[in-house]
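Only one chain is shown below, in structure tokens, and it's the form predicted on its own.
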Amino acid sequence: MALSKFLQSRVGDAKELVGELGKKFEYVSVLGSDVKSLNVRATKRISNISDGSDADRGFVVKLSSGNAFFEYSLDDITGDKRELAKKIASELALPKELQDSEISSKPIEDEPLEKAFERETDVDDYSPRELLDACATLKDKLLEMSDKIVNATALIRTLDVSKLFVSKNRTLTQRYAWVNGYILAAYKDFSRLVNVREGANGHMMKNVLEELSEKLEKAVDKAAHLVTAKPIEPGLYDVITDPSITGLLAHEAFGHGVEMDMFVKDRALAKHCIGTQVASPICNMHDGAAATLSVASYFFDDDGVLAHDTLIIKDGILLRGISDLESASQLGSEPTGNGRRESHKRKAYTRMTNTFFESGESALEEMIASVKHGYMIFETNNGMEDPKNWQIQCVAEYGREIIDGKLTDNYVSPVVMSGYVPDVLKSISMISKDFDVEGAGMCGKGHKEWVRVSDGGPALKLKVKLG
């Protein structure tokens, strides 16, 4: 699975452009992106194949004068490089009043490295037509399982990423792919309609299709329970989180709050809590493209920094945040490989990748047995975070009541978990040996700048407000 032919043909152009711009700027890099994304969907009435929202092709030039960063995007870099460099430099010239406000920053390290990264995948072995047929088969099987299913959908999303990074001393390429698969059912009974989903993801299409087929019965069983689910009575409960909700908690509690471009702007309370206890002593939390294998696992980020596994919380102590090249330079720290952009047309920001809690030492059965009355909550719906004040709100699709240490079939839905981050994380008393990371989500920076992310971990036992 080699680098795309388009980017292969532009390596020389990128090196030449870096050389021309390097005559004027202290640091220059060129990032080339060629990202293909496909959505294949089959429903009861409609089937379609379309490009995904991740599709992208183009280049972005990143430059530093030593005190200021500049970015310039363009669709292609062929042609006269001397004229192109002159055009870029002239358009990035700062007026005098802005030059006076430039700040000093740490020099950018550009250690020599030439490497091509590739990850095994079988995505190229499946044509769009074959994927559509596979979705249609899954949809038909789901419809046949119950006459109470009024609509069924099977969806496959593929992501095929080729990227080229060139600086004065570096030439890096990477090619990798990811597959997200979903089955969704609209189930009607007792004059009530509920929607349920099951998913599978991975870098091998064959495995995703097999896993989706194995989850059809689970989807129908879940729907039959959710159609009778009741609202939860608000209160403070002992709660067990499944890996999906554990990941949502990690993402919202110490996701945006430890993105260090927020530190530069003094918009995150975490900036002032480095080195302090913010969670239970049994808690360890990571983020990083190299931390696990999921949809946000790449070999180098959009700043050309190699992927990291960053330990954010160790034994309940907040050690550090995550950063892109620019924020690390301004803060005088080392970048953690978290510089990501929505597309070549958008700025690079510090962004989460794979965010998760480490496994613990408890068995899930032991954790459930320790709860006199509470809930186990499942499946991420959505979440919100206020990095400035450290308040979070996490929404789960449903919960199951625990009574006298037994997990019952008393379902509640939806379930909202909320609180002050340190209070929530310090209440964690047990962590399971299990571990799972789900790579099905996307995350925005505020209301925009969407990138793929994953999160997860083990099951957690904590005390938190539910409503």
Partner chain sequence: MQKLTLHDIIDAIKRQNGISDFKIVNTKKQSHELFFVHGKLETLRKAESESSVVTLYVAHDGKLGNSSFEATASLMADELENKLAAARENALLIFDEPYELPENLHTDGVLESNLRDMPPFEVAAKVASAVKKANETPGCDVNALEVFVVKTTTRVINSRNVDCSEVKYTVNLEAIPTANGEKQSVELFETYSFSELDEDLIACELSARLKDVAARLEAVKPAKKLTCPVIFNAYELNELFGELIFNANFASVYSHANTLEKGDALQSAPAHDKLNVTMRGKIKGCPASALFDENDGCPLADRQIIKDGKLAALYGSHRFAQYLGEEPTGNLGCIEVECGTCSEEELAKGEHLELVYMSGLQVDVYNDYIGGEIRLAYYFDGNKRVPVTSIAMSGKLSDVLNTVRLSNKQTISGAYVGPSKMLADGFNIF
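Everything quoted here is computed from the prediction, not taken from an experiment. Numbering follows the first chain given and starts at 1.
Quick note: we don't show the form predicted together with its partner chain, though the next part is all about it.
Although the partner is absent from this view, L155 stays clear of its partner chain in the model of the complex, with no non-hydrogen atom inside 4.5 angstroms. T408 falls outside the set of residues with a heavy atom inside 4.5 Å of its partner chain in the model of the complex. Proximity of E111 to its partner chain in the model of the complex falls outside the 4.5 Å heavy atom cutoff.
Although the partner is absent here, L193 is a contact residue: one of its heavy atoms lies within 4.5 angstroms of its partner chain in the model of the complex. Using a 4.5 angstroms heavy atom cutoff to its partner chain in the model of the complex, none of V11, R197 and S297 count as contacting. Of the candidate stretches 358-366, 336-344, 298-306, 207-215, only 336-344 has residues with heavy atoms within 4.5 Å of its partner chain in the model of the complex. Checking L74, A116, L319, A290 for any heavy atom within 4.5 Å of its partner chain in the model of the complex turns up a single hit: L74. Checked against its partner chain in the model of the complex, the candidates D221, D386, D189, D140 yield a single residue with a heavy atom inside 4.5 Å, and that residue is D386. Contacts between 129-145 and its partner chain, taken as any heavy atom within 4.5 Å in the model of the complex, involve R129, L132.
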